[in-house]
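First, one chain by itself: the form predicted on its own, in structure tokens.
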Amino acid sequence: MPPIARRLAGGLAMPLGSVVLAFVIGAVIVAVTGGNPLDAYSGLLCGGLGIACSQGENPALQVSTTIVYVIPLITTGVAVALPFRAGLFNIGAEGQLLAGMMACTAIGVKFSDLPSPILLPMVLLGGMAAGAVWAGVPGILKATVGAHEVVTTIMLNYVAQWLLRYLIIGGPLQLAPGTSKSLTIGPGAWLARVLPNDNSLVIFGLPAGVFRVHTGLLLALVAAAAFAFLLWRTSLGYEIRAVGQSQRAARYAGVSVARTIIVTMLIAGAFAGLAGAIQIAGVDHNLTDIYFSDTTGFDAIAVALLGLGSAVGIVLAAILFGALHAGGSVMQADAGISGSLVFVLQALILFSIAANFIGQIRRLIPGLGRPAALPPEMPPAAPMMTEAAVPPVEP
């Protein structure tokens, strides 16, 4: 086998093995609980990819639903993968996504009368700025006082969740008393759909208006391409990878570790905030309480790890997870298997991936192993940080 093919096969072995193992264990669970694994996975295949549909489902509609799920997973997957390249574990993509949603909604409601060429860029850039700020705070704390990004980003997830509820339940963005959703953003802030939103036009046997795929798909693919270009074709990308490999070696090469950490988190937050803005502008057009329990940012962790931190891998992993989400309801309707099996499969995939990345994860999570070294010029960590999380700095 040629060296390139051998390296490719070796690289694909882990993610493919993780997926296969998850589906095998899932089949065993279904069989033990009295279900038919073939029926379950046929329902998933139909609902996620529009293949082998036997109960009258429209394949094009199923693919359309999957794509809608895939769009935010790609962009938030990038938001997790980029810091991971710098030796950082961004668990806060969910909070950064919600921050982008809230900023997009606030701008889209406040300036609802503006035309689309002005308002649409405003809500997208506003979402990116909000996500960048939300991720920048942990980045600054990491670079200055050594606060571990795993802890700070998780805490900010809770802040974002409850801030969202405050805004739409009795808060300034609430639609009306007794509701749990916001006002609708102006039409100028809506992303156009790929197919005309016209129910009089029949496409693929259904009214065109039922296909919800929007132009945010192009933005998500551009984000993945920008991630790859940044990582492999820019000096900043070199610095990010150098810091992720060894902070000491990066410092000897003239790289400012503190600056790289902050910039990396800012960019990652901007990607996640863009995902939130795209979701509001392209799908919902307002904030709803359903996002209080949204899991897109957490699914992005599995997407980034399964995709091995590469742009192409992230897109493929996002398609898998999007297909699982979309196929769950069809599987439950056709095979009588609870849609919760989807979450079991996702957890099994993540568990299998984690086993392969255990060395890196031990280094990144406080208390599990020796953390990445901090720049020597940094002051000691705040008293609330444990010695296991941040090694003391000699005066």
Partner chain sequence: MAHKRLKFLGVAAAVLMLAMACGGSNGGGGNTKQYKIGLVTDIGGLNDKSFNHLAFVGLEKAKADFGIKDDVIESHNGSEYVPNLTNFASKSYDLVIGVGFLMQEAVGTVSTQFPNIHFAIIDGAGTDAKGNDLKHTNVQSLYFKEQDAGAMVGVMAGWLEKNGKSKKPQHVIGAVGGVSIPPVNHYIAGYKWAAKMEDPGIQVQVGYSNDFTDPAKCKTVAKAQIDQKSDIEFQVAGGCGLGVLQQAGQSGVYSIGVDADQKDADPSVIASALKKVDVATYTAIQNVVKGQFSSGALTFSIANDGAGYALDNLTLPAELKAELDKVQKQIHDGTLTPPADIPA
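Given the structure is predicted, the values throughout are model-derived calculations rather than measurements. Positions refer to the first chain, counted from 1.
From this point on, the text means the form predicted together with the partner chain, which you will not see here.
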- Message: So in the model of the complex, is the partner chain close enough to Ser112 to count as touching (4.5 Å, heavy atoms)?
- Response: no
- Query: So, in the model of the complex, is Gly178 in contact with the partner chain at a 4.5 angstroms heavy atom limit?
  - Reply: yes
- Exercise: Thr288 in contact with the partner chain in the model of the complex, heavy atom 4.5 Å: yes
- Does at least one non-hydrogen atom of Leu49 fall within 4.5 angstroms of the partner chain in the model of the complex? no
- Query: Counting only heavy atoms and a 4.5 Å cutoff, which of 117-125, 104-112, 310-318, 170-178 contacts the partner chain in the model of the complex?
  - Reply: 170-178
- Judged by heavy atom distances of 4.5 Å or less, which residues of 50-73 approach the partner chain in the model of the complex? Gln55, Gly56, Glu57, Leu61, Gln62, Thr65, Tyr69
